[in-house]
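The form predicted on its own is given below as one chain in structure tokens.
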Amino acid sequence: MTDRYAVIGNPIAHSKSPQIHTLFAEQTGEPLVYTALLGPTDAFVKTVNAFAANGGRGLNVTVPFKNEAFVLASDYSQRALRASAVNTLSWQPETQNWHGDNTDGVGLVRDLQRNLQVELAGKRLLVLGAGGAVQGVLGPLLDAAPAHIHIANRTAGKAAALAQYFADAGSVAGGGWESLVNQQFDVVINGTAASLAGELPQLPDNLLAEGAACYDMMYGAKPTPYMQWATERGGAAYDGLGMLVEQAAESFSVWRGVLPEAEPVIAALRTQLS
């Protein structure tokens, strides 16, 4: 029997998740089919439960439904609880409810440390943005034992509140763009949506420590404005394609108990983009 999985979002036609999980299935020999599901913005729960009623086993959840997925789930992984958001739903037929997980942060850290060889332990990290994308990755970033994480956001209070929420997990602070003056960081992660609009956060020119790594959670065929900014100032610039694949690999592992190899899938997608 072939098990059914899907990604749900709105919009969803652009999603690479069906291709990624199809490649994972071929690689591992797991019997599954994975499709894209357009979720009506006013009928997320109805759509998800209909998917389960028709034999669906699991869903990846993307914009704008991660918070609704958190509310829908009946039990959670520790990382989903920490993120207060769910990107991976697993149907539990014995209890007739959904288990919620969040694989975004694991995907980011795995891409940085394993694929890109970026050291996080003992380093000063800067995370740009304070929205749901950033909240979803701060827990795993702090688990990697950096010396300090600073969160910078256009709205200083939102960054400070997020820092306070994670204060029990390590050294973390937050503030507005002005809080970056006279600070330098070893790793800078852009978790804002600025790259989608071709824009750039307000960053000081002397922000990067020597040998700094700069990561954009967005990706595209060309370097983002943030990546261009980083390269011009001597930083090593990376996009978020590897994070996309690594978080998908972790979701696949949650569902199937098998962790596929992300590297060949990243390479295949990179070839397509270029």
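Quick note: we count residues from 1 along the sequence shown, nothing fancier. In this text the structure is predicted, and so the values were computed from the model without any measurement.
A second form of this protein, the form predicted together with a small molecule, is not displayed here; the remarks below concern that form.
Novice: Between the options L120, L81, A194, A73, which residue brings a heavy atom to within 4.5 Å of the small molecule in the predicted bound form?
Specialist: The option sitting close enough to the partner is A194.
Novice: Looking at G139, G129, G174, G107 here, can you tell me which has any non-hydrogen atom within 4.5 angstroms of the small molecule in the predicted bound form?
Specialist: Exactly one residue meets the criterion: G129.
Novice: Classify K158 as contacting or not contacting the small molecule in the predicted bound form by the rule of any non-hydrogen atom within 4.5 angstroms, answering yes or no.
Specialist: The answer is yes: K158 has a heavy atom within 4.5 Å of the small molecule.
Novice: Considering non-hydrogen atoms and a 4.5 Å limit, does the small molecule approach E178 in the predicted bound form?
Specialist: Answer no; every heavy atom of E178 is more than 4.5 Å from the small molecule in the predicted bound form.
Novice: Although the partner isn't part of this model, could you tell me whether A133 comes within 4.5 Å of the small molecule in the predicted bound form, counting any heavy atom of the residue?
Specialist: Looking in the predicted bound form, residue contacts with the small molecule include A133, since a heavy atom lies within 4.5 Å.
Novice: Would you check, heavy atoms only and a 4.5 Å threshold, whether R114 touches the small molecule in the predicted bound form?
Specialist: R114: no contact with the small molecule in the predicted bound form.
Novice: If contact means any heavy atom within 4.5 Å, which of 186-194, 95-103, 163-171, 140-148 contacts the small molecule in the predicted bound form?
Specialist: Careful reading of the contacts points to 186-194.
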